[in-house]
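As a starting point, one isolated chain is supplied in structure tokens, in the form predicted on its own.
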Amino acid sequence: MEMKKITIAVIGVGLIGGSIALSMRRDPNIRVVGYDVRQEPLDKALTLGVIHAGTTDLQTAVREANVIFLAAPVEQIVATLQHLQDMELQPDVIVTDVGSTKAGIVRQAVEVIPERVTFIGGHPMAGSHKSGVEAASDRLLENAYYVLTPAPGTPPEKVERLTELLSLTRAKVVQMDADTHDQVVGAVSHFPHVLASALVNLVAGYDEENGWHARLAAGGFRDITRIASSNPRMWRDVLLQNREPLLKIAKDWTKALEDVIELVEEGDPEGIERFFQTARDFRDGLPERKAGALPPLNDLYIDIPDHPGEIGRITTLLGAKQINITNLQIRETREDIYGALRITFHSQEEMEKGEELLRFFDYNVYRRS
């Protein structure tokens, strides 16, 4: 991609901000300046080659920037927009963000950003179980959806300019209005976090009566509620920012649950089966191995003989081929899936390499569908 010399400012050098910075550095004509409130992540980013320069002074970071990425938590994005209105900026600068809610941020930007500045809302729909700049990767956003939510009246050439720049991330850039984004993401990402946390809290309450709930929940229960381990403060802010869509979804969910309760109370076998069949049909039609609103599971499940040294042999095989893993778990409850050993890989590519290798050595390997 042919581009003039430009400067990119990344405000918040963490997992997402660092991954965007690494993607931008694919173009030698781009200079990346990182900003963070603390010096430590900047030092790490410089050492890892994520950014060209770093500063804890916001004005210094944005003064020469042609494009500014606000890669901070939602509440900090709103606060930073307020600060930018009083700062010296390039006359044609584009400001964008990476927040998972859009309507409130776009409205705030329209109110406070000077007319000479173009704000375009953004949401890269990718993530990782890890956090921090040390987990950043120039492949994190590859093949993931990257949603842009330009406000009405945004110059099309500015949207095209940002879209072209984002091609360096190798993400699939799409456009929709901010309200539609918040409704869709609320349903497929935000509300599932609410459900997972509510279910975990319910079971935790039951577990106070006896210890069996926690002991038997180590298998499928832990898998389907994994997102309940997300950052509580971040999700507090997301729910408050996306309040209206989530309240509507919650009411729709309550009605759906009441319908199931009614089917059970009435002893309606056909209705109950239809409930599960409808869900199964829709879920089975969802795209496989595609990046979406929730980070994918890069897990393999392996049947292993119950004798000493077997886990060590598996990790040695993977290590010899430079295949990175992030977690191992012996599964005591496996009523919903085969495999006594679960291995979590750093990426889908590593998982596929691991699967091929272990099958070569005659292990029975399964993926969770």
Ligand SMILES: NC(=O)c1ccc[n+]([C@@H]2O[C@H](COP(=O)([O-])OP(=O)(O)OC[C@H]3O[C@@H](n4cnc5c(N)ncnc54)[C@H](O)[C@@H]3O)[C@@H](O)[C@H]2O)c1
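Every value quoted in this text rests on a predicted model; they were computed, and no experiment measured them. Take the two forms, superpose them, and find the largest set of C-alpha atoms that agree within 1.5 Å; that set is the rigid core. Residue indices: 1-based, along the sequence shown.
Note that the form predicted in complex with the ligand isn't included here; everything after this is about it.
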item	value
Any non-hydrogen atom of G12 within 4.5 angstroms of the ligand in the predicted complex	yes
is_contact(P73, the ligand) in the predicted complex, heavy atom dist at most 4.5 Å	yes
Partner contact for V37 in the predicted complex: the ligand, 4.5 angstroms, heavy atom	yes
4.5 Å heavy atom contact, G121 to the ligand in the predicted complex	no
Triple contact flag S100, A126 and G132 to the ligand in the predicted complex, non-hydrogen atom at 4.5 angstroms	yes
Answer range among 59-67, 37-45, 320-328, 24-32 for contact with the ligand, defined in the predicted complex as heavy atoms within 4.5 Å	37-45
The unique member of V112, V184, V117, M234 whose heavy atoms fall within 4.5 Å of the ligand in the predicted complex	M234
Candidate from L89, A178, I77, I94 lying within 4.5 Å of the ligand in the predicted complex - any heavy atom	I77
Core-aligned CA displacement of L70 at least 2 Å between this form and the one not shown	no
